[in-house]
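Here's a solo chain for you in structure tokens, the form predicted on its own.
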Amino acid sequence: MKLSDHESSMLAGEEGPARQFAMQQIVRVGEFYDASDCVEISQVHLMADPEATGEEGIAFLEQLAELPDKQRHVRVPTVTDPRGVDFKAYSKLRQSKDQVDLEKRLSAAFEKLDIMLTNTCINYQTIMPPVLGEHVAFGDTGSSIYANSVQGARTNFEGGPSALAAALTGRTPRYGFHLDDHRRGKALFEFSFQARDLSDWGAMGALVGQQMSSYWDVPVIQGIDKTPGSDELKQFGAALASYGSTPLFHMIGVTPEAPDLKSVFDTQPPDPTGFNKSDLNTFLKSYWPDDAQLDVVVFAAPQLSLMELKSLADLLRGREIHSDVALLAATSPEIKSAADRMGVTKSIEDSGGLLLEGVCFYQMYAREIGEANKWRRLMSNSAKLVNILGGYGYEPMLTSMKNCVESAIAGKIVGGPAS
């Protein structure tokens, strides 16, 4: 890789061991992907919850945090993904003191590194949305695909060490989706139906994701007659990234790099793979169980926007969740504050629900929570969450927010997958 004088000085250790570690990481990744040089980035979204870092990862961050200020502080604005523990609600979820202690150690180390504890996976909706052409280093798959696709910014999926390296240097290797060539369309998909709700948008993303064969295959979507909003695109992208390990999609007439097919394909577009209403229903039914048992309803992954929380509160207002079912929703600290102020939190919690702050369910030691609370059958309107939680010992199912609420109140599964 070709390095600037400044980058070479960091690599040589002239600016301290933290930046030396960071440049070593950047060079290793860059050489693996045949990057010609580095690209300057403007912001970082760091995914590093204690369940992912483990105690050794936290100890490493604590070592960096003890370095002198000028050596340890990040070089560009750096924000964090959700935590693994809501400090105000962990006891209600039967989380352990050990989990809380790890989270507090990690948070303290981040603060010393001058990393902002935003604790959100929807930073693109709430903190500092990137803009068209802006180079960033985002770690969460949902935030990366949204930044790339909806906002036209440029990032790869950055693992924890790579995102930390970008934060400490303001650089990342110039490869992958930082390059024009990799942002071109590779496959074409067409929908002949329109989504009814957010769970449908997630299912549509999942249908495309299941067809993807490579991280580098960029899907192009057509047939969307009504322009989706931010939450619809959030659910679509998060599910597509989860099912397909895909960091970028183009939606014709919707996303900024795709005004038409000609703009995203270098040659004649391929024949589209079509999806119809039957494909959607088959996907939804694949998660539907044979009995009505229900233990927990979860709205998370991604965290909910204020508009989503308002919809949830309206569905719950004046009603009571059945004692046999838990209902959890997760949002960012900023949105939680707004929800508190506007009475949204009160409507959710007066019904027996719990609004969690700065966490996301699958990053909260989901297996341990399930075992501690004897939760097995889980319902959600998030296709991403449903895709992940099967690996944590749950039997997840996907349906609309309305049907999730009706089931939570009934204490059992009601309606059907398309309700």
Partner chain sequence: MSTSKKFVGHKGVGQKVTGVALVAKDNFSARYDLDRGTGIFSRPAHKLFGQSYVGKVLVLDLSKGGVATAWMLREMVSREMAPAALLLNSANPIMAQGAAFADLPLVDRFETDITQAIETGSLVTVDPANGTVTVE
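The structure presented is a predicted model; accordingly, all values stated were derived computationally and were not measured. Positions refer to the first chain, counted from 1.
The discussion below concerns the form predicted in complex with the partner chain, not included here.
- Three-residue candidate spot Asp197, Asn281 and Asp295; no residue lies within 4.5 angstroms of the partner chain in the model of the complex by any non-hydrogen atom.
- Taking the partner from the other structure, the partner chain in the model of the complex has no heavy atom within 4.5 Å of any heavy atom of Trp375.
- Of the heavy atoms in Thr169, none are within 4.5 Å of the partner chain in the model of the complex.
- Contact annotation: Ser380 falls outside 4.5 Å of the partner chain in the model of the complex, judged by heavy atom distances.
- The closest heavy atom approach of Glu56 to the partner chain in the model of the complex falls within 4.5 Å.
- With the partner omitted here, the stretch from 179-187, 254-262, 328-336, 139-147 that lies within 4.5 Å of the partner chain by heavy atoms in the model of the complex is 139-147.
- Site annotation in the model of the complex: the residue of Ser96, Gln71, Ser214, Thr273 reaching within 4.5 Å of the partner chain with a heavy atom is Ser214.
- In summary, among the residues Ser192, Ser91, Ser245, Ser230, the only one with a non-hydrogen atom within 4.5 Å of the partner chain in the model of the complex is Ser245.
- If you take 156-189 and check each residue for a heavy atom within 4.5 Å of the partner chain in the model of the complex, you get Phe157, Glu158, Gly159, Gly160, Pro161, Ser162, Tyr175, in sequence order.
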